[in-house]
Structures are given as structure tokens and as C-alpha cells.
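One chain is shown next in C-alpha cells, namely the form predicted alone.
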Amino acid sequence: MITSIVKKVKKKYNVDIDVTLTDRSVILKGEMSDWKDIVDVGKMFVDKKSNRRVVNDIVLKGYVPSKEYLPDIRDDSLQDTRWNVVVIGAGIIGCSVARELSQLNASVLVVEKHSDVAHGASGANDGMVHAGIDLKGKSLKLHYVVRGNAMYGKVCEQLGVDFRRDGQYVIFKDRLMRFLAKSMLVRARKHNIPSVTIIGKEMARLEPAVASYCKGALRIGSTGAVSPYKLTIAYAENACTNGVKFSFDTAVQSMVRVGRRVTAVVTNRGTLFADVVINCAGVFADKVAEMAQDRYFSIHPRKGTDLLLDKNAPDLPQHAISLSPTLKGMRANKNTKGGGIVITVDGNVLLGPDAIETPEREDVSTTQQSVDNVFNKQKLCFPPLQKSSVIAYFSGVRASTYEEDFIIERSGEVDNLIHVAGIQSPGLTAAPAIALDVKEMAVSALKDSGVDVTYKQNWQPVRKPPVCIRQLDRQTQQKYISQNPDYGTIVCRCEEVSLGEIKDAVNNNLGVATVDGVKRRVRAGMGRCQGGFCMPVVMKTIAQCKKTDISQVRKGDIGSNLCYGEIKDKYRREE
């Protein structure tokens, strides 16, 4: 089989590929001149029957990768510290795992190279809680998405996070796709996905703007919406309340492995020791695996761009909708749902994302081409859309494996290492269920390491939601303002965020105090002006609360200081 695939590659791309087989991997080496072709070749070697994973080391000719972001700080704050569990990465997976681990009488540390949680894909996606209707076969992705979706109501209630289960509509432009959609009803029953139906003229009544072309729709009632970064923050804060420690601006540089165990983790803040290490490093998960001499899979980054619309813009859809793909489109885009129109939990309309293969793991830039493609595609779905309604756009990078499935398992080579990798879309949906199983893996690994594992009697699963003045009735608002007048001072007019809420965000128990950290927590700066009016007050508030000079206030990561002194004072001295 391998020989025949090598011949196909030679015939199609006119390149010679070296292939090495191991018990767990098929390793590819060579050189090609197009990144998309490299990805396509990697997919050609996927063989789910053999359970070998693809390690694609084919290099892109002439390509020099961008330098990885690493925090410009070195100290010994973690030197010689010892932990029962170290979690690498503070995205939605790392933070949900940390919260589950906080139930144990164990010391748990989460290390994150950025200055806040949810920095990567967890903070740059559409927030849709998927039903799993588009997933096929006996994949881990399908298993965890269906389980995770069912858990969302309880999890969000416990963590004090807004969650809406308003459903999703996949619109048919022709009667053939409506006929073929009946297979989705069969799939839904088979995989226990509730509330999936086919509707006809009702769709045009729900969204009159689609009446000219709509031939019906597939209604998926269990689809929901959540703020991905607020959920990640809530998981982290609840974990922190229950004793988990977080170390931000902390990059894992290497690991020391002796025999079948990782004995030490080397970071820019010292060398630490752990009984169990959990790899939740997102797009760098294969790099972390390599540090432990356990690289048996590859991550190929996939970038997606989303557009955010002004919630007050006219002629916006009222439901999450998307166009049913054509048969041709389904064959051409097997590994992406193709994006759609999402109503966020905060009431904005979000368009996208697209899906672009890229060799860059941290390139979150947006291009005019992606913005245009996303907008034009979704305008086909909802013709009244206007580009003037777009107030922001952003990109995230998904951590795809060549098998297009999750990797959730204890390492077969390193006894105290757990991999949670390849958690691309819809990893947000799957996170609650993934965290449960990873906790059990960690308990098993701890026991194998000789650690007696017990559960806390006083574990607190409930996180009190932060005050949100704009969501309260007038009487309740007055109650809060009488207790704290800062709740009556509106700083962000677009999102109606008060000074009291900003101070609460700055004083969060994770210790995050950046402009972006405040923005994610209370939405100050997320409106039409994108912080043009409120940012100076946010910066001043951070400086006052942290008793530091405003020149030390950062937008986000280390080095992102927003100002460096007072211009007027400089001019006075020169005079």
C-alpha cells in the first residue's frame, strides 16, 4: 500500500518522498514547493485501519518559518518546585482539564507562555456549540462532541457563563439537497443527536430575506452559543479558586526524560518536577511531544477568519444559518464545515470562518482576500448583509492532525505523559467531556507513579458570575450602585460597561491585568469604536489598581506596552 501511494505522489507532484514506518507512525521526508500540496500528500498516507499516525516532515522549499513567540522574561520563580500534575497550555482544553483536576487533593500547575488564558484558538472562534451532525464514523471527535454538547447547560450554569441553545438552520437552495438531508435524520438518530428535523416554508417565515431561494432547511435544535474566551476564563478562575496554580508568561523549553518517564520540565522561569505531565499545547502539541521524545503525530495549522458585525446594524439575521454545501463543495472541502452565520451569546452576528492551510502556527493576521471571501460567501446566504456593518475581524489557527481527529490518550512510550492534541473545531463543544476523561487518565497515571489520589470534600464547582450592569433591571442596578458608585460610571459606551466592572476584571483571581484581559472579561472595547474612547480609562484603571505607572500597562503579552511617557512633560522640559 505504501509503495503504491509513493508512486501516486510521484506521478501527481513529480517528487520523491522518503517513507519510514514505525509501530505508531508513518514518517514522511522530502521537499516540495507548495504548502497545500505538502498537506495533501500527508493526507494521502492516512490509514485509519493501521492506527499509524502521519508525521509529515516534508519541508517547504525556500521557506523560513517565523520566529515563535516566547516571553522575554527569565527568573527562577518555578525553580525546583514539585507538582503532582503540570498542564501545558491554558486554552479551553487546558483550563477545563485543570478545573476537573481541582477536585483532587493534588498540586496542579498550569503553564502558559502567553499573558492570559484563551490566547490561541480558544479566544478566536465563533463560539458555536456544535451538535455533531456533520461528523462521520467512529471518531473521537464525534464521541466527545455529542457528550460535550449535552453537558453544556449544567457546566455553564455552574460556572456563571451565558449559554444559549437557539438551534441552527442549514438552508437548501435546491430540492436535491433537501432530499439528501434525510440521511442526516438517520445519522442523528444513530448518534443520539436530539432535535434534528427538516422544515419547509417555515424557514422563510423565520428569515424572510432567504425566501427568494430557500427550498427548506435542516433544523438542528441542540446547537448553541457561548463566549469561548469567557468560558475558558470561567474554567480557569474556578480551577484557581479550588487550588490550581497558573503561571503565565511561562514557556516550556525542553523536558528531561529518563527511561519511560519525564523527570523534569525546563521553562524560562526555572526547572520544575511533576509526577504527571498533560500536553494541551494546541498548535504546538507535536513540538511538546517531541520534547518528551514522543513525537508520533503532526499538527498542520489551519487558519480561519471571522467577521464581527455591529449588533445595532439594520437588516441582520435573527438565527444561526448557513447554506447547505453542494455535492461538489462537499467533495472539495471534506475537512471543514465551510463556516456560516452565527448569533453570538452577546448578540452580535459573526460571519465565518474560512479554512486556509498554512505552515505558520502563530500567524493570526487577516488578509483582504479572506475578509472578502468570508463576507461574499455569507452574503449568498443572507443577501441584505452590508460590509459597513463589519466592526472587527480576527483570525485563529486550528490544530489539525492529518487524521482530522482528536488525540486523547496516555502516551504509549512515556508512562507519565498524557496527550490531548489535535483538538481543532469543534473542540470548544467537546471540552467538558474531554476534561472528564483526561482527569481519569491523570488519576490512573498518578496511581502508577505511586501517588495516593483522593478527592476533596470541599470542592466548589460553582463560580459566581461577574456583575454585568447592562443586563440588570433598573432596580437591581440601583442596588449595586448604592453599594459601589463605580457601577454607576459608564466607561465603555458601546457595550455599556461600568468602571466597577472594569475594576472587578482587573482584580481577577488569576492576576491578569492587561487591556485585552479586561476586554475579554467585560467587553470594554468590543463595540463599534473598538476601544477608541474607553481604552485610556481602562489603562488608567489598571495602573491605579495595580499601583504602577501607566507606561507599564500592556495590551497583552510582554512587550505590548501602549505608552512610554507623557509627551507634554517632554515638551515642557525642552522649552
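Don't overthink the numbering: it's just position in the shown sequence, from 1. Because the structure is a prediction, the values reported are computed rather than measured.
Note that the form predicted together with a small molecule isn't included here; everything after this is about it.
The stretch that touches the small molecule in the predicted complex, counting heavy atoms within 4.5 Å, is 395-403, out of 161-169, 237-245, 395-403, 461-469. The single contact residue among I220, A445, V288, L308, judged by any heavy atom lying within 4.5 Å of the small molecule in the predicted complex, is V288. The contact with the small molecule in the predicted complex, taken as any heavy atom within 4.5 Å, belongs to G304 out of G304, G148, G340, P317.
Among residues of the shown chain, M441 is not one whose heavy atoms approach the small molecule to within 4.5 Å in the predicted complex. The small molecule is not shown here, but in the predicted complex it comes within 4.5 Å of a heavy atom of F284. Contact between S102 and the small molecule in the predicted complex is not found at the 4.5 Å heavy atom cutoff.
The closest heavy atom approach of G127 to the small molecule in the predicted complex falls within 4.5 Å.
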